[in-house]
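First, one chain by itself: the form predicted on its own, in structure tokens.
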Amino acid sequence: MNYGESNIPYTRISEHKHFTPWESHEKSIYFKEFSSLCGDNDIPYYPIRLVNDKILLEKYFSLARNDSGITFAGRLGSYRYMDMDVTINEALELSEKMIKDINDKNSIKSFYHEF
């Protein structure tokens, strides 16, 4: 469950038993996520596209588009934050397009989504 209210100190609660509703559990584990800004010595969990990064990012995308033998996908491959439902949906769409390219004997693309 996501919480966006300013009076709630955490941003999300996840309870694992809800990931498999077809199972029955006597006990459960849950965790709360607290947001914070990424400090100088922190490793960011999510890509954050900053204004000054856009020029460098486009250079990376240009290089990647000309590369073969690798496909960039997901949060890190596209350098963007995505909720998990979007990530999973894009992965399914990517696999369908990639399978079609393989079956049609087309080359595998570096990107199957435009950013």
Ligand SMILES: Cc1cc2nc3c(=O)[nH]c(=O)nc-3n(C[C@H](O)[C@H](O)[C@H](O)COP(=O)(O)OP(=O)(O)OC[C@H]3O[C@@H](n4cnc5c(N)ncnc54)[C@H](O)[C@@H]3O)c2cc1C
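Definition used throughout: the rigid core is the maximal C-alpha set that superposes within 1.5 Å between two forms. In case it trips you up, residue 1 is the first one in the sequence shown, and so on. The structure displayed is predicted, hence computed values, not measured ones.
Just so it is clear, the following notes concern the form predicted together with this ligand, a form of the same protein that is not shown.
- The candidate spot formed by R65, S95 and K100 lies out of contact with this ligand in the predicted bound form, as no residue has a heavy atom within 4.5 Å of it.
- Contact annotation: of the candidates Y81, F34, Y60, Y30, the single residue with a non-hydrogen atom within 4.5 angstroms of this ligand in the predicted bound form is Y81.
- Contact between I48 and this ligand in the predicted bound form is not found at the 4.5 Å heavy atom cutoff.
- In the predicted bound form, this ligand lies within 4.5 Å of some heavy atom of L76.
- Although the partner is absent here, T87 lies within 4.5 Å of this ligand in the predicted bound form, judged by heavy atoms.
- Contact check for R12: a heavy atom falls within 4.5 Å of this ligand in the predicted bound form.
- For S35, a C-alpha deviation of 2 angstroms or more is recorded between the shown form and the other one after rigid-core alignment.
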